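Below, in structure tokens: the form predicted alone, a single chain.
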Amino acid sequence: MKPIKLPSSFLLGSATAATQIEGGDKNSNWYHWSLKGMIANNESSIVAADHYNRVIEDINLMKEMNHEIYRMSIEWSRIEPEEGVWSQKGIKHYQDEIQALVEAGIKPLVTLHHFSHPQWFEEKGQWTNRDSVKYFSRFVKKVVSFLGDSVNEYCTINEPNVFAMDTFMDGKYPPGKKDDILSYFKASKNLILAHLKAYKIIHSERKKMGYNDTMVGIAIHLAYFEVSGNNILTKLSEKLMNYSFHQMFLNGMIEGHLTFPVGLGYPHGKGIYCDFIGVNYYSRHLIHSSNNPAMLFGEVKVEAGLPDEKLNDLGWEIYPEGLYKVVKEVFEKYKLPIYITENGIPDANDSKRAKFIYNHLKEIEKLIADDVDIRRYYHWSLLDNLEWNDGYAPRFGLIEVDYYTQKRTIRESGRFYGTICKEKEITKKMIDKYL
């Protein structure tokens, strides 16, 4: 292993999502989903890592690990627990949390929708509802107004492609529909339109306040797809998957261009509707043609026979080279600043995370050398958390959480990453100590 040197301007930190770490929210659709026994081991979002009550403790741990940036989400159901009812308690909580981050010297990037939303929104059909964009836009305007000058960077929607796929095709997320292609495309269209509207609202509202430093983007999951074999149907499946999972969302959310089958044309006019592109990257996926006629997208599998060191605890392939490939492709097309808004590994024994971080930062070093405008790295995740339908077994945290006592312990890989955040490099001494 060779040392890595990153520019002093390159910022490093971590990412989380509210439902996955906060606990205690009974107005979220994920709490109601857990009541139906739909999370592994009958677990519930009501537990999580109790971050809602331990914000200051966790910010102090971020400081201890030298994090410069932090990507967090604001839970819509805490701000608008009932339709049209705004919670001053919820608003003040996030105002206080963000103020504490700023005072700690940690720059917040606020995500406005990260897979979860109020149960009342769920009961209205969530993102398949024709008024979903209106409901979300109202929430966005409220958040921007109460955060004011404390936040100038927003991520409107996290992984709209994963959300739509797991909600309406795989049935993992509430309401648990399977192979519902029409709902997939209907929700996808509304998610795209919601981003475009939110982009304009955030810039407009902050401009009224006198601020011209606003940055608004998305966090898109970019998987590295490869075709398995030479079958023509497999190649077709890969093209369909790449289009409907990646390009359809990129066309819409970055360029404002609705393309078949979610629509046609530019509903908000031609332009660029992202100031940065947030890339969430985890793994390589091999595409096989599907035997199910309803599955236009093909089937995603992991290469057979991979050794244990090439797999994480969820059985995903560890493939750092894919980060370079997906980022290079999206940057060459759009020429917008790139933030790595998520990249991490479930690794309960903490035996692979340090190497995972090293290998992915090595790819970022290559991207920088190749003149890609990549500016941020948010490691997923700060804390062990609820991994949605997989429950609490996957351990993504730089910080270990004992869910019975809520005790936090910085893992050895967290110490390693904290040193990288401080030094902006990985030295031979660090390699010898941690790798």
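From 1 onward, residues are counted along the sequence shown. All of these numbers come straight from a predicted model, not from anything done at the bench.
Below, we refer to the form predicted in complex with beta-D-galactopyranose, which is not included among the displayed structures.
Using a 4.5 Å heavy atom cutoff, 159, 342 and 396 all lie near beta-D-galactopyranose in the model of the complex. In the model of the complex, at least one heavy atom of residue 20 sits within 4.5 Å of beta-D-galactopyranose. For residue 224, no non-hydrogen atom is located within 4.5 Å of beta-D-galactopyranose in the model of the complex, even though that partner is not displayed.
In the model of the complex, beta-D-galactopyranose sits beyond 4.5 Å of every heavy atom of residue 324. Not displayed here, beta-D-galactopyranose is kept clear of residue 126 by more than 4.5 Å at the level of heavy atoms in the model of the complex. Interface residue among 388, 377, 70, 33, judged by heavy atoms within 4.5 Å of beta-D-galactopyranose in the model of the complex: 388. Proximity to beta-D-galactopyranose in the model of the complex, taken as a non-hydrogen atom within 4.5 angstroms, holds for one residue of 168, 358, 115, 139, which is 115. Heavy atoms within 4.5 Å of beta-D-galactopyranose in the model of the complex belong, among the stretches 274 to 282, 227 to 235, 255 to 263, 88 to 96, to residues of 274 to 282.
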